[in-house]
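Shown here is one chain on its own, the form predicted on its own, set out as structure tokens.
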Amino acid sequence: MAILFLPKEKFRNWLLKLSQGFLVYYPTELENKIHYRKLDSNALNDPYFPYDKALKKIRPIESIKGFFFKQKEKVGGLEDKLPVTINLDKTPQIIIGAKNCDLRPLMVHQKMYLENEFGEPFYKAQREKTFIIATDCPIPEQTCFCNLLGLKPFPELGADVVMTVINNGYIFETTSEQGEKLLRDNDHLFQEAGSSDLVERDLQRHKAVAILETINPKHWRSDLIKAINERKDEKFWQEQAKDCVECFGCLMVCPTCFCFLLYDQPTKNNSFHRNKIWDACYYSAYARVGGGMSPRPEFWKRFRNRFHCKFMNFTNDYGFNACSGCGRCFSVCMGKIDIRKVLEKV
């Protein structure tokens, strides 16, 4: 695959070319927070648009999960004519700026939604029309702990193109045939990356790894799965959950959570729409069955289930954790529950 260089003065032209054929989503800083925003002509025509600023920071507030797994989505229903056809928007889109902690969740969702007998057609349709241009995370922050999950602060798997911001421009490395075509269509803007450019990139990545090791010097125990399984006492889990106010923010921002709920919404003419929405295992009604019975009526059991799911059950089934160390859960937690500290105590 190709490794190319794009000078800073040509970056705006490249984005302009992309925006002519794709919906382009780009990380932008708003009120000291990074968010994905659709790139429009106003931004591209602004000579002071800060192209680098957000790319040099950690992941946006939102994960890229929402591009594929919608918070609410119509998936069926009863209409005058059967079968029901759901019209999916097929406009191709490009997400720029995804970090490695948002690429690992794509592997989780691959297992849940695509690698089975039927698959999830809505997720699949969104995924197939999307190109991902991932970027390095040069300056990790205190909330970051991807290194505890065996990940690096730069993209490894799951993107079509990997982009690194360096002093005089951008290094692009294609990692898929689609990514190579994406750059080849605008190859007049690029040039071959020089050895000094690659040295600068590697030094920047080395510093980011060192920062993470300083933030998270103590790695989790090697027998973590066994330890979690054997931690069955109520007292321990109640102690870890005591500061939780059950706002469920941690599960709403989690990029790897994949649970959903189907419900029917009445419409006119005695019809209905079937909707799919995000679900969360902290909800008291989660996994409730007929008669109102629940397998986890006490909150501490639902709290424990989150750790079982992400660090034990999923790992046993697929060989890697259903957590990417993005730190969003801690950032939004009103009780400041840090899953790193919980797992240190297990």
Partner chain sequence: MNNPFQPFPVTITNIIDETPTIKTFVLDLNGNQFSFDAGQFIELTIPGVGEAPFTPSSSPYDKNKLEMTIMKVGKVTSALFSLQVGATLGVRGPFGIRYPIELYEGKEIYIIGGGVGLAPLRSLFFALMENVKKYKRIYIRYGARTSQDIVYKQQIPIWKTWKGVDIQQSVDVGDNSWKGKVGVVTILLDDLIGNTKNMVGVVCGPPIMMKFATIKLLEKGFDGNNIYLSMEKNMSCGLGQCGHCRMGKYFVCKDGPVLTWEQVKDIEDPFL
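Numbering follows the first chain given and starts at 1. Since the model is a prediction, treat every value here as computed from it, not as a measurement.
One more form of this protein, predicted together with its partner chain, exists but is not displayed; see below.
- For the chain shown alone, residue 317 is a contact residue for its partner chain in the predicted bound form, at least one non-hydrogen atom being within 4.5 angstroms.
- Contact check for residue 75: a heavy atom falls within 4.5 Å of its partner chain in the predicted bound form.
- Residue contact check for residue 264: one or more of its heavy atoms lie within 4.5 Å of its partner chain in the predicted bound form.
- For residue 287, a non-hydrogen atom is located within 4.5 Å of its partner chain in the predicted bound form, even though that partner is not displayed.
- Only one of the listed residues (252, 139, 224, 112) places a non-hydrogen atom within 4.5 angstroms of its partner chain in the predicted bound form, and that residue is 112.
- Taking a 4.5 Å heavy atom cutoff to its partner chain in the predicted bound form, the contact residue among 220, 272, 190, 248 is 272.
- Partner contact region in the predicted bound form: 118 to 126, out of 180 to 188, 118 to 126, 95 to 103, 162 to 170, criterion any non-hydrogen atom within 4.5 Å of its partner chain.
- Within 4.5 angstroms of its partner chain in the predicted bound form, the stretch 277 to 308 places a non-hydrogen atom from each of 279, 285, 286, 287, 288, 289, 290, 291, 293, 294, 295, 296, 301, 304, taken in sequence order.
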